[in-house]
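First comes one chain, alone, set out as structure tokens in the form predicted on its own.
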């Protein structure tokens, strides 16, 4: 299965904004195009670099506000990187987790289904009742691991 094109992803972002009753402004459309063109995780600073290179008319504050809005709509998710910085990844609108390649930045969505047993064991052992959780795994994707470069 191949990833949707940037145009299809942009259209999905714009449609999600409209469904949520949000204004579909030109700067938000620009932000959607920038995010849709990214592969793997990305930072707000990288989006600003992309905007400048593409001649997109969007300011720094607008990028941050758009990312916050996209996150609230479940279109992107903020991930905390091992170095303490954070980035964003484009997401499906169902609960899932991420495995992120520390070399190339590729992100793979992981279903929550396989974690059910582990979460139930934590609850049994601790008495802690979980209401939410988030899991981020870091390592090398199959392609980077196969290259032998660490």
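Numbering follows the first chain given and starts at 1. Predicted model only: the values in this text are computed from it and were never measured.
The discussion below concerns the form predicted in complex with the DNA, not included here.
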With a 4.5 Å heavy atom cut-off to the DNA in the model of the complex, the contacting stretch among 118-126, 32-40, 63-71, 100-108 is 63-71
Contact with the DNA in the model of the complex for residue 59, defined as at least one heavy atom pair within 4.5 Å: yes or no?
yes
Closest heavy atom of residue 44 to the DNA in the model of the complex, within 4.5 Å or not?
yes
Would you classify residue 54 as touching the DNA in the model of the complex, given a 4.5 Å non-hydrogen atom cut-off?
no
Is residue 24 close enough to the DNA in the model of the complex to count, meaning some heavy atom within 4.5 Å?
yes
